[in-house]
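Form predicted on its own, single chain, as structure tokens, below.
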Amino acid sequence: MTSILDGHSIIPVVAIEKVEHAIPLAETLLSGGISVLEVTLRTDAAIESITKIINSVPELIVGSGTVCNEKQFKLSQDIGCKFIVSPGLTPSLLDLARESQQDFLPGISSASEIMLGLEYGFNRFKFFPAEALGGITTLKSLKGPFGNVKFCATGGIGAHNFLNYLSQDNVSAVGGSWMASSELMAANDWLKIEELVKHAVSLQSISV
């Protein structure tokens, strides 16, 4: 099973509070060297922001996050999201994703949830909340019984530890908000965001 996220090891995960931040954020990420973005559906501005980015900055691969039900999944499809991320998994979401062939990254926090996802044909999962679940120690433990599974680790991931996660064989990507925090967006500090993005990309490139 392949994913549009293959080859993208750093995924900014953002909550956009104001629609006017959408385009500057997208352009800043691209200029910093990142071409993928997960916009969480936690704010009233999320849907309009995603739509604006998709229409105005087509070079960026945009997906929706915090998708918790079928309505949000279908809405994400309708507005053209390239991928959909959920904090967990349910049979109804797995069924919908499998039927639609949508690029879906379901969240897991246990071996049982991984086994359920595998039954539905998924072998890439969001490991969330990573740090609270034991982080790298847990990921190493999961590698034994689930050697064919790859994870995108999110939750407590930042500049201080993202390389440690990416060094794990079963981690294909990390997601986090440290490069484009709500505070930086509220301050329109796009230069700082670009600086943080470039720093993360350079560190990742050196470690490869």
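Just count from 1 along the sequence shown to find any residue number. This structure is a prediction, so every number in the text was calculated from the model and none was measured.
Below, we turn to the form predicted in complex with a small molecule, even though it does not appear here.
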item: Heavy atom contact within 4.5 Å of the small molecule in the predicted complex, the stretch among 75 to 83, 123 to 131, 110 to 118, 95 to 103; value: 123 to 131
item: Partner proximity in the predicted complex: Gly63 to the small molecule, non-hydrogen atom cutoff 4.5 Å; value: no
item: Distance check, Val13 to the small molecule in the predicted complex, heavy atom within 4.5 Å; value: yes
item: 4.5 Å heavy atom contact, Lys143 and the small molecule in the predicted complex; value: no
item: Any non-hydrogen atom of Ser177 within 4.5 angstroms of the small molecule in the predicted complex; value: yes
